[in-house]
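Below, in structure tokens: the form predicted on its own, a single chain.
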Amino acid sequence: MSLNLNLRKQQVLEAVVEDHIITAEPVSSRTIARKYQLGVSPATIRNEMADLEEMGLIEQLHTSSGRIPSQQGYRYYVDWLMRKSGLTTDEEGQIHTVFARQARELALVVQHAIKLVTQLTDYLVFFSGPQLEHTALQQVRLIPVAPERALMVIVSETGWVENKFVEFDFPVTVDDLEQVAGVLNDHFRGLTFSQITRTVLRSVYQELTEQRLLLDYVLEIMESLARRDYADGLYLGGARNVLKQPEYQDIQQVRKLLDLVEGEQTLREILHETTGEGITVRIGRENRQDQVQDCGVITAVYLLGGNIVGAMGLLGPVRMDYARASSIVDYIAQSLSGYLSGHP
């Protein structure tokens, strides 16, 4: 937004936005004069508010009421006026504790992070699971269960674990399973799942001439995992928190939120669209999805080795506390990236 606001108009708009975030009520010129000490009279503030309304940055719901920010007004505030609200030392300590636990699976770390964010905000928090196309394989294990059955354990470098039973039409030995797993690890460790193509999979045949039949069963599972879309994994928390917001006293808004949470597809789309580093703030109609065009959404990706492996977001009413919410999303995403890289 390229509007040129002088200092006084910026101060008035900032006051309207921040007071409305706190109170969820229309803001009057008298309130601004009393609470924000701008050094001018309510009449002067009223004139500035009239100009801001004409510019489309604030709006009046009723002729006798004060003003509230428009979606364009929130956008200007986020882009030009907002000062990030730093986390307290205690809050930073809580986040470090989550990522110091060294959980063996990324899913557990994400669940801990969601629980913490729901304690820090009154918004819906949602994470996408690891996108394995950018994640490297760490280990394959084949564990005998019965003469014609084995458990295949696949571990990624993010800590994601997949367990699959392999059913054979013939007996297999422990030595055969260990040899196949060893060759798979030698060939595939460090490759991302998108790099494990059919050609690469078939390259191991030369080293396993005596176990080719067994290998066919295993490779079928590896191929299916390499083709699978893991971006659909979604973790949610804080839906009850959002219902505390005044905007969700309306039963229609509650139903819309529940549809959003239960359907999940819209939230997946939002995270899938988050592709750049840093935080992304979308306000109201800036969101492409119809279901969230009366919401504020803040998202960020988390990385491993410079590659995006997932994303997180906060969703609330347009009247959300963008300064604090942005700081939390940014700090959590950076902390999760650090954890995955071994630097929590």
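Rigid core (definition): largest C-alpha set, two forms, superposition within 1.5 Å. Keep in mind it's a predicted model, so treat the numbers as computed, not measured. Residue numbers run from 1 along the displayed sequence.
One more form of this protein exists, namely the form predicted together with a further copy of the same chain; it is left out here, but the text below deals with it.
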Note which of 153, 81, 191, 234 lies within 4.5 Å of a further copy of the same chain in the predicted complex, where distance is taken over heavy atoms; exactly one does.
153
With a further copy of the same chain left out of view, which of 93, 182, 86, 263 would have a heavy atom within 4.5 Å of it in the predicted complex?
263
Segment that reaches a further copy of the same chain in the predicted complex - one of 270 to 278, 245 to 253, 71 to 79, 210 to 218, heavy atoms within 4.5 Å:
245 to 253
Any non-hydrogen atom of residue 121 within 4.5 angstroms of a further copy of the same chain in the predicted complex
no
Does any heavy atom of residue 159 come within 4.5 Å of a heavy atom of a further copy of the same chain in the predicted complex?
yes
Just checking whether residue 163 would be counted as a contact of a further copy of the same chain in the predicted complex - the rule being heavy atoms within 4.5 angstroms.
yes
Determine whether any heavy atom of residue 148 comes within 4.5 Å of a heavy atom of a further copy of the same chain in the predicted complex, and answer yes or no.
no
Residue by residue through 266 to 286, which ones have a non-hydrogen atom no more than 4.5 angstroms from a further copy of the same chain in the predicted complex?
none
So with the core overlaid, does the Cα of residue 178 end up 2 Å or more away between the shown form and the other one?
yes
Rigid core aligned, does the Cα position of residue 261 differ by 2 Å or more between the shown form and the other one?
no
Residue 160: after superposing the rigid core, is there a C-alpha shift of 2 Å or more between the shown form and the other one?
yes
